[in-house]
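Just one chain is shown here, as structure tokens, and it is the form predicted on its own.
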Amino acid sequence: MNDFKAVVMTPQIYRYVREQAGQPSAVQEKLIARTLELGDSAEMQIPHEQAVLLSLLVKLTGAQTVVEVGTYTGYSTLAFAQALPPHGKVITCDMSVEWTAIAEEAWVAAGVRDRIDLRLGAAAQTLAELPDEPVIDLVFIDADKVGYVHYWDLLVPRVRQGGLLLADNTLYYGEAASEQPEGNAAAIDAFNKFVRNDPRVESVLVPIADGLTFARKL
């Protein structure tokens, strides 16, 4: 297999990639800083260049209804909401009152709080309670890794034909590619195999950040 186009992501190359995404807005900068104050959990925030990609995907697909599994402090939610038309909606699911309170401050500051429907509680229950009709335009799964397959199965029937499903962390620090992955990496490896063999979608895993899977509903 030819791999001559694979680029090893050095710090210098990564800085270059970040520069191409432009500078975060004042609201985004404040949210990044506030999230860093949380310590180790801050690694769960998506990088800025990925947020720019998510915004572009909303615009490219003409999405009006987005469902997000895993809010954390709301950086990805903000990216979706800012890219949506004024009547668009992001339904975002999380368990943490503390983290989503930080998110809400940013959404209000950015003037997009009215486009966001935050639902606290078990994501599986929230998704199961969504209408059965396939009206969702775009899905982003970025939550507990062992739940990915279940979330996927709940969401695929609710996504319109031609709609886009995204799953984050599908390389899981590269550990998903191990000969015998363990823990969360094993859950991600199982999810990747499930998606690859899912006849309801066509998909590809792209090495952006910690791995991002793209799938189109057939």
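Numbers for residues come from their place in the sequence shown, where the first is 1. Quick caveat: nothing in here was measured; it's all calculated off a predicted structure.
Although it is not shown, the form predicted together with a small molecule is what the next lines describe.
In the predicted bound form, the one of Cys93, Ala106, Leu138, Ala81 near the small molecule [non-hydrogen atom within 4.5 angstroms] = Residue within 4.5 Å of the partner: Cys93.
Selected contact from Ile46, Ala185, Ile32, Leu38, since only one has a non-hydrogen atom within 4.5 angstroms of the small molecule in the predicted bound form = None of the others qualify; the residue that does is Ile46.
Which among 159-167, 176-184, 22-30, 64-72 is in contact with the small molecule in the predicted bound form, heavy atoms within 4.5 angstroms?
-> Going by heavy atoms within 4.5 Å, the stretch is 64-72.
Answer with yes or no whether Gly121 is in contact with the small molecule in the predicted bound form, where contact means some heavy atom within 4.5 Å.
-> Close contact exists here: in the predicted bound form, Gly121 approaches the small molecule to within 4.5 Å, heavy atoms only.
Looking in the predicted bound form, any heavy atom of Ala143 within 4.5 Å of the small molecule?
-> Within the cut-off, so yes.
Wondering, does Phe191 line up within 4.5 Å of the small molecule in the predicted bound form on heavy atoms?
-> No, Phe191 is distant from the partner.
Any of the heavy atoms of Tyr151 lying within 4.5 Å of the small molecule in the predicted bound form?
-> It does: once the small molecule is placed as it appears in the predicted bound form, Tyr151 has a heavy atom within 4.5 Å of it.
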